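The form predicted alone is given below as one chain in structure tokens.
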Amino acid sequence: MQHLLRVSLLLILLFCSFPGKGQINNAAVGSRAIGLGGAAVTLPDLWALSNNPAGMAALKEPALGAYAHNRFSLKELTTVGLLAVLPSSRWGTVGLDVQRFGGEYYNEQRLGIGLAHQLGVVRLGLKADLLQVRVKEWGSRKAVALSLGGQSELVPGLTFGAHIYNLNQAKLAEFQDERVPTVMKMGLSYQASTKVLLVAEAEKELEHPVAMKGGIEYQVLPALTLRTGFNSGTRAGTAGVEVSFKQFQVAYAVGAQHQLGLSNYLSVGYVLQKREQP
């Protein structure tokens, strides 16, 4: 009976837009994004490969990343993933990521490849995700979702970002015309000082109301950064901390939803090469 209750709760969380959104809607990736309430559409970092591929174009060195996200202490709501980004003068910046979400009865796999270019003051990115959704006893389905994103610094310190996920409205099944959710995001970030970054973002999934997200990032020390944020879509407050040493960035974030509890996120980034400082 306990097992049946856990499976029932999992299915409710996956197919309701209420706080426990499933991964197939392209949830934010990286502890930095989670700590800022999920507002990551303007951020130029390794995790941009999933959050807005245009952000990859700002990277100058190859980088690797790994992350794990557990929602509400349920192992069936655990996501793990790996990313790799390679800047190239000939092809632009290329990224590859793999992700797995779920447990024995319901799980999702994603294999994505992205490409980004810097064109003057504008960064543009494209990505294709091969998605596989598997439900035990019902089998699995595959679909390809295409994404397009852009970023631009409007004035010094103020950056605009926009991203649309699954612009081709990929179909998972003929039954009830089941499709991968299409999600549109746009936002602004403002570098208020050398230590303070403000971010704000609006997210719209076609069949659901607009969700507002925002956050503040404060660099306490060169190697220590604190973050906090909110997300009206998940009705959660978030907080996070990041420690940088040598070529590593280790970040942790937590989200608090008053009805379902805490979610924990851990990510590790690694820059393969460091340019010598002049």
Partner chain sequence: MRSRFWLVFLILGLKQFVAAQEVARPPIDVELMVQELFAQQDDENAIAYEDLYENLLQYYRQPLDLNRASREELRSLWLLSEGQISALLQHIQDNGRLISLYELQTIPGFDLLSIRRLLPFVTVQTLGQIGQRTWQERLKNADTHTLLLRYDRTLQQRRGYTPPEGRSMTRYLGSPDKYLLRYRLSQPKDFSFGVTAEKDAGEAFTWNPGQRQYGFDFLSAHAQLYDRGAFKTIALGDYQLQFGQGLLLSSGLGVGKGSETITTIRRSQLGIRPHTSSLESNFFRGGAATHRWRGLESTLFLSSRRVDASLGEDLAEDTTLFTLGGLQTSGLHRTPTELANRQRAREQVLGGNITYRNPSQTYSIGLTAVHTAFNLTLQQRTEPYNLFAFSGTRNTAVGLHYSYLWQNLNFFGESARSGNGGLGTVNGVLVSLSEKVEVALVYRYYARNFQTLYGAAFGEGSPNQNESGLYTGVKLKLGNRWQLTGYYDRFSFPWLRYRIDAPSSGEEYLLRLQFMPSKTTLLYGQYQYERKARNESIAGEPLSQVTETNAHRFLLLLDVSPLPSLRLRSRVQASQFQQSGPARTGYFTAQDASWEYNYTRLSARYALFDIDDYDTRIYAPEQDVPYAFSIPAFSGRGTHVYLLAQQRLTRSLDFWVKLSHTHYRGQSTVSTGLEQINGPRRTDVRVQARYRF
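Bear in mind the structure is a predicted one, so any value in this text is a computation, not a measurement. Positions refer to the first chain, counted from 1.
We do not show the form predicted together with the partner chain, though everything after this point is about it.
Requested in this report: Can you work out whether the partner chain is within 4.5 angstroms of a heavy atom in all three of Gly120, Val155 and Met184 in the predicted complex?
Outcome: Yes: each residue has a heavy atom within 4.5 Å of the partner.
Query raised in the report: Pick from Thr93, Ser189, Asn166, Gln99: which has a non-hydrogen atom within 4.5 Å of the partner chain in the predicted complex?
Result: Only one listed residue qualifies here, and that residue is Asn166.
Report task. Consider the chain as shown here, without its partner, and state which of Ala202, Leu74, Ala84, Ile113 has a heavy atom within 4.5 Å of the partner chain in the predicted complex. Result -> So the residue touching the partner chain in the predicted complex, by this definition, is Ala202.
Requested in this report: Determine which one of 134 to 142, 191 to 199, 74 to 82, 120 to 128 lies within 4.5 Å of the partner chain in the predicted complex, judging by heavy atom distances; exactly one does.
Outcome: Result for this chain: 120 to 128.
Query raised in the report: Might Ala173 be said to contact the partner chain in the predicted complex, defining contact as any heavy atom within 4.5 Å?
Result: Outside the cut-off, so no.
Query - Contact test in the predicted complex: Glu104 vs the partner chain, heavy atoms, 4.5 Å - result: The answer is no: Glu104 has no heavy atom within 4.5 Å of the partner chain.
Query raised in the report: Taking the shortest heavy atom distance, is Val210 within 4.5 Å of the partner chain in the predicted complex?
Result: Yes, contact at 4.5 Å.
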